[in-house]
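A single chain comes next, written as structure tokens; it is the form predicted on its own.
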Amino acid sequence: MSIQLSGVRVRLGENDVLRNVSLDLDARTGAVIGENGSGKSTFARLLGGLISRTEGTVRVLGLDPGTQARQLRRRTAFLFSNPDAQIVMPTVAEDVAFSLRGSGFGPDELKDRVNTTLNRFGLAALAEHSSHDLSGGQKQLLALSGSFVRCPELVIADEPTAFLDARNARHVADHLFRDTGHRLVLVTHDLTLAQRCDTAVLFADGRIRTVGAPGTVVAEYERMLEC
């Protein structure tokens, strides 16, 4: 996964949201778990270059998200829990194509990549439909399409199944875990989903409490919740 943090602090307003976070991850898939307010979403946004650190060093795929955000965005994709946050174009096909702006693809190659991606995510029949009239599950699949059409090296997904029913949650998760050459950082409250990952990180009170095998980390989290 090639993620390294050393002595990282993130201060938002009057609060230190992350404190003295040091981590070295190189697994293909990693789960990030913890209670609300523990710092896990801030951690994800830090990796994606959406917020800046206050102290310490961060490297994602060898890049500094603070000073090399443009290069990082070319190689990563960020998936939000609410797909409406990243759907911007009026039709399904246009929204996927929007992700390829500035890519240098000619019209035929652009169309081919969009069609291939829509077929992969089961949205080909909805290509000309309104993006904002889709169901919640279809919207998240559209957000996935917009992310994966660029063939990212790293996908950072912050609670991507939070608002989905069980069927759609499983469908979205299966797409995320399918090995297409990308690596995955998955922030989730779904502990069953977390255990599908190769490694897991437990956040508590803005710090990393445990890193290791998902079963071990989930068990630690469950013990913590019983206290």
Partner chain sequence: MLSLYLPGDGVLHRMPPGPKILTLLALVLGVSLLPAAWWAACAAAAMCVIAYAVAGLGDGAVGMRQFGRQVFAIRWIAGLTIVGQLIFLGPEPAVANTARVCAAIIIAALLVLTTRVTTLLDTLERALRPLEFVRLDPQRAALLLTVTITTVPVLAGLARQVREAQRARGSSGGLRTFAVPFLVMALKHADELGDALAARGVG
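Numbering follows the first chain given and starts at 1. From a predicted model like this one, the values you see are computed outputs, not experimental measurements.
The same protein also exists as the form predicted together with the partner chain; that form is not shown, yet it is the one meant from here on.
Peer 1: Does the partner chain, in the predicted bound form, lie within 4.5 angstroms of each residue among Asn20, His182 and Arg209, using heavy atoms as the measure?
Peer 2: No.
Peer 1: So in the predicted bound form, does Gly146 come within 4.5 Å of the partner chain, heavy atom to heavy atom?
Peer 2: So Gly146 counts as contacting the partner chain.
Peer 1: Whether His132 contacts the partner chain in the predicted bound form should be assessed with a 4.5 Å heavy atom distance threshold; does it?
Peer 2: Heavy-atom contact with the partner chain at 4.5 Å: present for His132.
Peer 1: Going by a heavy atom distance of 4.5 Å, is Arg167 a contact of the partner chain in the predicted bound form?
Peer 2: No, Arg167 is distant from the partner.
Peer 1: Is the gap between Arg120 and the partner chain in the predicted bound form 4.5 Å or less for some heavy atom pair?
Peer 2: Result no; Arg120 lies far from the partner chain in the predicted bound form.
Peer 1: Only one of these stretches, 198-206, 42-50, 60-68, 167-175, has heavy atoms within 4.5 Å of the partner chain in the predicted bound form; which one is it?
Peer 2: Of the options given, it is 42-50.
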